[in-house]
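The chain that follows stands alone, in the form predicted on its own, written as structure tokens.
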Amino acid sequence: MATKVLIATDKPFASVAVKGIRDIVEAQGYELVLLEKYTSPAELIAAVADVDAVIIRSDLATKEVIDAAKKLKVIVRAGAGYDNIDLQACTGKGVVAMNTPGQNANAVAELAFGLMVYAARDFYSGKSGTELKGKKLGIHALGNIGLNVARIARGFDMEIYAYAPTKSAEYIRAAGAIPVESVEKLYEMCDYVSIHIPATAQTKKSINYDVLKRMPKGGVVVNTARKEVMDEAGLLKMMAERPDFKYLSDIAPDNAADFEPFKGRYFFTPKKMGAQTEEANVNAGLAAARQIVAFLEHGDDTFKVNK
């Protein structure tokens, strides 16, 4: 019986990406199965029953999904974040979970700058705006996306600072940024802050009022990471107290209606779209397919994210 690889995507890959994945999978003699635009978890649970590998995007690979996949050996999140996979369930069943770091990085970085320009030009309202040139940009985390943000910022001639506690000062300087020793200092110094931290037990709600209130007049925060890292109550308090402050994100908050009083100072995209480009679609999808083949054929678990 042929090895089965399932693409399970509520938000489907671009057709060119699906074709590329199919070419990789079928060249190895595997069978490709598609589940696109499904409307309930039950459909996903049914689809995983007899597959050996799964590729997902933002789809939820819950314990129920993992438990239902009796033959599953590897699941790959086509993208950097993997908090939509129950890693403990994977580990418990001996399933390798992977991500595809770096494949969406430029797409997210370009969106972050699109949001910055939008804020600087006062949401294209017709009012006089400001320029990014010469402004201080703080990059909160300097992984693949942060590095791309720094690269683009150099083209805008911005002053670049970064808080990246897991990176050396040499690494940060090599990216063209000045190391900052604390989160508080980063927000205190910078006109713009671009957030790129993952959602972990340590980072959830870590961007709170005490951090945000340190921003200089006219401060702008752009969040293309995860909504969980933002303390929504603290953000609303900041918006209420600081009419000069702006917040833009590609993740709608839990209570979007609460932001209505601050119209003209916030913006949320209709859905998370940092990686929503044809190029990122293709890059991440093909990387996921190659990683599955490398793992199943050679045991290569370079991008494993569970223990």
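On a predicted model such as this, the values are computed, not experimentally measured, just so you know. Residue positions are given as counts along the sequence shown, with the first one as 1.
If you look for the form predicted in complex with 3-phosphoglyceric acid, you will not find it shown, but the lines that follow are about it.
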{"property": "Proximity to 3-phosphoglyceric acid in the predicted bound form, single hit among 179, 234, 143, 81 (heavy atom within 4.5 Å)", "result": "81"}
{"property": "Among the candidates 238, 51, 275, 248, the residue which, in the predicted bound form, approaches 3-phosphoglyceric acid to within 4.5 Å (heavy atoms)", "result": "275"}
{"property": "Stretch from 35-43, 54-62, 22-30, 258-266 whose residues place a heavy atom within 4.5 Å of 3-phosphoglyceric acid in the predicted bound form", "result": "54-62"}
{"property": "Touches 3-phosphoglyceric acid in the predicted bound form: residue 213 (any heavy atom, 4.5 Å)", "result": "no"}
{"property": "Contact flag, residue 104 vs 3-phosphoglyceric acid in the predicted bound form, heavy atom cut 4.5 Å", "result": "yes"}
{"property": "Any non-hydrogen atom of residue 167 within 4.5 angstroms of 3-phosphoglyceric acid in the predicted bound form", "result": "no"}
{"property": "Contact flag, residue 136 vs 3-phosphoglyceric acid in the predicted bound form, heavy atom cut 4.5 Å", "result": "no"}
{"property": "Site check 4, 71 and 298: each within 4.5 Å of 3-phosphoglyceric acid in the predicted bound form by heavy atom", "result": "no"}
{"property": "Contact set, 1-32 vs 3-phosphoglyceric acid in the predicted bound form - heavy atom within 4.5 angstroms", "result": "11"}
